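Before any questions on binding or motion, here is one chain by itself as structure tokens, the form predicted on its own.
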């Protein structure tokens, strides 16, 4: 019987190693797997590379992980947003590295990793500092920059509903990067607001099939 449910957050993040690349879902405050991130903080893994849309806000979630000195490098689109005080403090002191990646490029880089592709050519960063050191090619008279796949060791995901097989649905913008991250990671861990029985999810509404999910923990709707 396939059952990917894990009883506790502590068990859900067990075994995450130092130096791992963590794909952390979220768009602003929407769809952030805060409980899993706090469990990772308690678990103790260090020297992490985190891939996320933002660099944390306030003092909890990803910001708390950065504040504890656990993140050596962050790959994100918007490091400076309202409330991103912790990242700014660490970056100003040279205590965290930053790779700035446009949202669409970040999503496509993860999709390439999921599909086993060797990268893709994009016109997005042509002529900017983001293109420095990257291969450039002219195709049909237009200049493109080669972007490489972005694979994670672990993905941390927040879902609205899940069944025990790991099939997932999301709510509105809480979906954000979660589907790509679930496919691009070697280990996908999900916190879900609601557990449902097999067959309760309309197959046409399942966004992330359970084949991409390894561990699942129920945290409730107030998570």
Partner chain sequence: MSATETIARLSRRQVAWRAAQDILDGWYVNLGIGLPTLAANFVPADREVVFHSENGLLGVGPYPKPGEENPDLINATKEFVTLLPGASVFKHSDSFTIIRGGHLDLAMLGAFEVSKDGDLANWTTEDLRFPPGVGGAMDLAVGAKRIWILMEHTTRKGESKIRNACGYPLTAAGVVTRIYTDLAVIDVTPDGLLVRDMAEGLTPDALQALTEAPLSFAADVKVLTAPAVE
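This one's a predicted model, so the numbers in the text were calculated from it and none came from an experiment. Residue numbers count along the first chain shown, from 1.
Keep in mind that the form predicted together with its partner chain is not shown, yet the notes after this line are about it.
Engineer: According to a 4.5 angstroms non-hydrogen atom cut-off, is residue 151 in contact with its partner chain in the predicted complex?
Structural biologist: Taking the distances in the predicted complex, the answer for residue 151 is no, it never comes within 4.5 Å of its partner chain.
Engineer: Does at least one non-hydrogen atom of residue 30 fall within 4.5 angstroms of its partner chain in the predicted complex?
Structural biologist: Within the cut-off, so yes.
Engineer: Applying a 4.5 Å heavy atom distance criterion, does residue 163 contact its partner chain in the predicted complex?
Structural biologist: Outside the cut-off, so no.
Engineer: Can you work out whether residue 70 and its partner chain are in contact in the predicted complex, taking contact to mean some heavy atom pair no more than 4.5 Å apart?
Structural biologist: No - in the predicted complex, heavy atoms of residue 70 and its partner chain never come within 4.5 Å of each other.
Engineer: Which of these residues, 145, 101, 86, 113, gets a heavy atom within 4.5 Å of its partner chain in the predicted complex?
Structural biologist: Checking each option against its partner chain in the predicted complex, the one that comes within 4.5 Å is 101.
Engineer: Under the 4.5 Å heavy atom criterion, name the residues of 59 to 83 that approach its partner chain in the predicted complex, in sequence order.
Structural biologist: Those in contact are 77, 78, 79, 80, 81.
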